[in-house]
Every structure is written in structure tokens, then in C-alpha cells.
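One chain is shown next in C-alpha cells, namely the form predicted on its own.
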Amino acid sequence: MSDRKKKSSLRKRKRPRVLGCLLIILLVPVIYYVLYALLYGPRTASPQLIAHRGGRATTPENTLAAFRNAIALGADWLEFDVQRTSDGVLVVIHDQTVDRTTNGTGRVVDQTYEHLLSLDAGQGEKIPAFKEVITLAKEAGVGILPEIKSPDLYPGIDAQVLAEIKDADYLEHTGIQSFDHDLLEAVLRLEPQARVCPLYGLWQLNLKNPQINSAKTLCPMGEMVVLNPWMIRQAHQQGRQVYVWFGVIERPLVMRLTLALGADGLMVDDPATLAGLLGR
């Protein structure tokens, strides 16, 4: 047999093996999710629509315009970030600096509230005060999920956040978030009736034994939930809810998958898409 025929015969024998390996690779995740679906049980009846930073896909993030748009779309919760100015005003902005989201520069902690009001946060919007967002949410009857940012920069911010929530009589409609779980424990020491929502990030794949035993809502990263949906089952077995946030894979297909895996709520940049998926 010539060398050419030998090589052709070898390729033909290898082809079924390659196809078989590819089929196994494709079947493994299918079997994994089907097994989870069979063991999990009933799904959440009414998943919560949570507007992440108000819904930055279509409106400037963390602005009153974004929050009003989310409310109009039927959001159940407004999620946003809280920092503090140099003169002690709690404001709603994600970054430690104003550089990315406004036409200004510099750290939030170094600037007065009056100066922040002079900045354009996009489409003519201003950086709102925390009190303004609470008032808007209260008037609309939607919950709020403020994330306390950079507590090391703002000593006492936990007590100040709590005070403004309680002054507005909105504690029962608020979930306080943070990646700093020690900070959330401090919140509970100040106000045992507060609802805290610990955030979990990259490569945090286990919700079985959260640091804060009284936390009724846990907030893992969506990408990690896709890798390990069993964390939702763990949380539900403990009587906790799971609100999922996304890093980079927020897409309609992923939203559907995460809901199918049992998430109780999704924090999304695009509340209009999620509202459509939920039939709102």
C-alpha cells in the first residue's frame, strides 16, 4: 500500500474518534444541567426584576433618569451604589472617582456635593443624592438595593446609610449590599432588623455556609452560578433567596438559563430585555 493510501486510511479511522470525543464534550454540560433540573424541583414563581445601576444599557447609570425608566419597565428593585462627598453627603455613584461617568475628574471623597451637582452624569443628568433615590423609590413603591462602596474611605458610612433609610421609613423595603461582609455584620449590629445582601464575586462558587447566618438574600455572580448552579440549591435549602448579578455575560439566553436554574431575581443592566422575558 502506498504512503498516500496509508495516510488516507489513518485519517478515516481517526475521524469517528474525533467526532465521538466532540459528542461527549457536548453531552457533558447537557447531562449536567438536565441532572440539576431533575433534582432541583419547582422554579421561582415570580422572579424579581432588579435594575442594576438603574439600567445602564439605555440610560446613564445611577441617575434619576435610569431609575425612572426602570420603574416604568416594572422593576421590582432599584440597585445602585453609595459613596460620600467631602462634606458628608451620601451620593449615588459607582466608582471612587467621577472620571468615567461624568465630565469631571477626581475622587468623590475629595469633592463637595455642590461641586458634584455641577457635573454632567450623561444626557444632562446629575449625580443624585441617596435621599433623592429613596424618595423616588418610595413614591413608586419599589424596593432599593444600595451597595455600600469603599467603606475604608468613608468611616461610619454604614451608620449614615442606615440613618437615611430609617429617616425615610423604608427599612422594610431595603436590602443593603456589600462585598465586605464584615461591614454587613456591622450594619446588623447597628440595626438587627436590617436586611443585608452579601455579594459574591469571581471564583466564589459556594453559598453553603455564608459568613452572615441571618442573611436571607445572597447575591452571587452570574458566571459562577452558570458554572455551579448547585449553589442556588444550597441557598434555597437554607431558606435563602438568590439574586444574581452579571459580570460580562448578560445576554437573553443567559438570563433564561439563570432563571431556569432557580434564581429568585436578576440584577441586569438591560431591564427592558428582562421585562420582556418575564412577560411584563
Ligand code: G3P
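What you see is a predicted model, and the numbers here were worked out from it, not measured in a lab. Quick note: we count residues from 1 along the sequence shown, nothing fancier.
Keep in mind the form predicted together with ligand G3P is missing from the figure; the text below concerns it.
Although the partner is absent here, R84 sits far enough away that none of its heavy atoms falls within 4.5 Å of ligand G3P in the model of the complex. Proximity of K126 to ligand G3P in the model of the complex: non-hydrogen atoms within 4.5 Å are absent; the residue sits far from the partner. Although the partner is absent here, E147 lies within 4.5 Å of ligand G3P in the model of the complex, judged by heavy atoms. Taking non-hydrogen atoms only, K131 never approaches ligand G3P to within 4.5 angstroms in the model of the complex. Stretch-level contact analysis of 108-116, 186-194, 76-84, 168-176 against ligand G3P in the model of the complex, using heavy atoms and a 4.5 Å limit, identifies 76-84. L199 is the sole member of L136, L199, I71, I157 with a non-hydrogen atom lying within 4.5 angstroms of ligand G3P in the model of the complex. For the stretch 225-251, the set of residues having any non-hydrogen atom within 4.5 angstroms of ligand G3P in the model of the complex comprises only W245.
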